[in-house]
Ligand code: GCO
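Single chain ahead, written as structure tokens, the form predicted on its own.
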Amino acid sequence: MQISRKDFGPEFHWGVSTAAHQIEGGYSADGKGLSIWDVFSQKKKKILGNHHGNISCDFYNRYPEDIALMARLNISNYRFSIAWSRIFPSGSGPVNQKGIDFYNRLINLCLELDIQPWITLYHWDLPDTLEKKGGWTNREIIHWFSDYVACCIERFGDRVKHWIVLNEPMVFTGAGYFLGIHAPGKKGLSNFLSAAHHAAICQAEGGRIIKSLRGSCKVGTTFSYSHVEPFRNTEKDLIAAKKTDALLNRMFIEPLLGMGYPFREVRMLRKIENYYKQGDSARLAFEMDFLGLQNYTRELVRHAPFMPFVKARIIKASKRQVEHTLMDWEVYPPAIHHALLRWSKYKNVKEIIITENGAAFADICKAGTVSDYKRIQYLKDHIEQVLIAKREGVPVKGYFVWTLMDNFEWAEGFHPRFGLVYVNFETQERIIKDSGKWYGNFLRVSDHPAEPA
């Protein structure tokens, strides 16, 4: 299928996404406090190659160059996050004015270059001072987060029209508070359930605060979603897939939509009620203006009797000998179509934005060129699936590539490169990959001609 930007209509939002800790660097610059990822990355054997994000892409100092590069690629929407500890070095007041000044400069430059900022309020980098008090397991996080949200809206809401409350709460609570493979490195069911419940309340509470302070703003939140199927056509694998799907894909979206947690499929989730206070059931729900869908792959699941709680195991793509990325995620474009169709069946879903979609491959820079044809094909195939869903009536209104440039990919360090732009982390040189040139040409419109890449 030959597709173009025009197939999606003039109101469709095209952009790229990044996250503060993954690109900014400047980990202690101008009064910034430490985040849980600043601390976690210093621990041995937590990050591949013992990498850390202290400098990363040095976006804190090089943002004018990077925003100009974005404009050159015809990117008109930029989703980025605010580093909580750059605003509140201690997690709560007093405000760090130099942090406010940085984001004001960033927002203003975007607007000068006709790039609309979409701000994510929380993209995993909790101030470490709050983690020392229990972090997301401490119910006080609802108040800490509320104060932080209010501050951001008061300082930036006059210019920023699109806000995203949380990024992938299932990932930061599951990997950070249950498996311990992400910051802050906690493990155990009680840590996970308390953190998850407080995050679920915060995603709704954040929406309410934004609307109360700036009713004209568009408010959303994002969820990771991997299409889940049974590995074999057996009853046990089907049950395992349903449980996995409930935990990975339904755990946070359904409470937000007023449906409660998926207790029926995953009975151990009933223990989350131990952390309920009066009125919590109502506090979990909020009607967002849009929902952010973040899809990269599908997962095949088989019954695993010795796995706790869900008795299920995901079969890695490499074990199945299918095409996969450096993250060992299967390349399966129909997954994003399945996800969009499923979300469209929920009540009260007004708009869906693809807030992340992309792939990491073994990019090699030769003579100043990065020929990443696999990424180009990945993006083409997934955008085509989005168009199919749109034509079927799904209210999908935007698509953001993950990510603008290679960066610090959490526990995987700098090994997987997702960017449209290649970054030499020793020299900080930026090189537009062939995929970046392709995306820039795809986004070109007659009144905004592409500059030669």
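Sequential numbering from 1, following the sequence displayed. Everything numeric here is computed off the predicted structure, so don't read it as measured data.
This next part talks about the form predicted in complex with the ligand, which is not shown.
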If the cut-off is 4.5 angstroms on heavy atoms, which of these, 298, 186, 123, 243, is the one near the ligand in the predicted bound form?
123
Which residue, 361, 103, 144, 329, has a heavy atom that falls within 4.5 Å of the ligand in the predicted bound form?
329
The chain here is shown without the ligand. Which stretch in 409-417, 64-72, 424-432, 40-48 comes within 4.5 angstroms of it in the predicted bound form, by heavy atom distance?
409-417
Within 4.5 Å, heavy atoms only: does residue 249 come near the ligand in the predicted bound form?
no
Non-hydrogen atom contact residue 128 with the ligand in the predicted bound form at 4.5 angstroms
no
Give a yes/no on whether residue 294 approaches the ligand to within 4.5 Å in the predicted bound form, heavy atoms considered.
yes
Hey, in the predicted bound form, does residue 194 get a heavy atom within 4.5 angstroms of the ligand?
no
Mind listing which residues of 148-181 have a heavy atom within 4.5 Å of the ligand in the predicted bound form?
167, 168
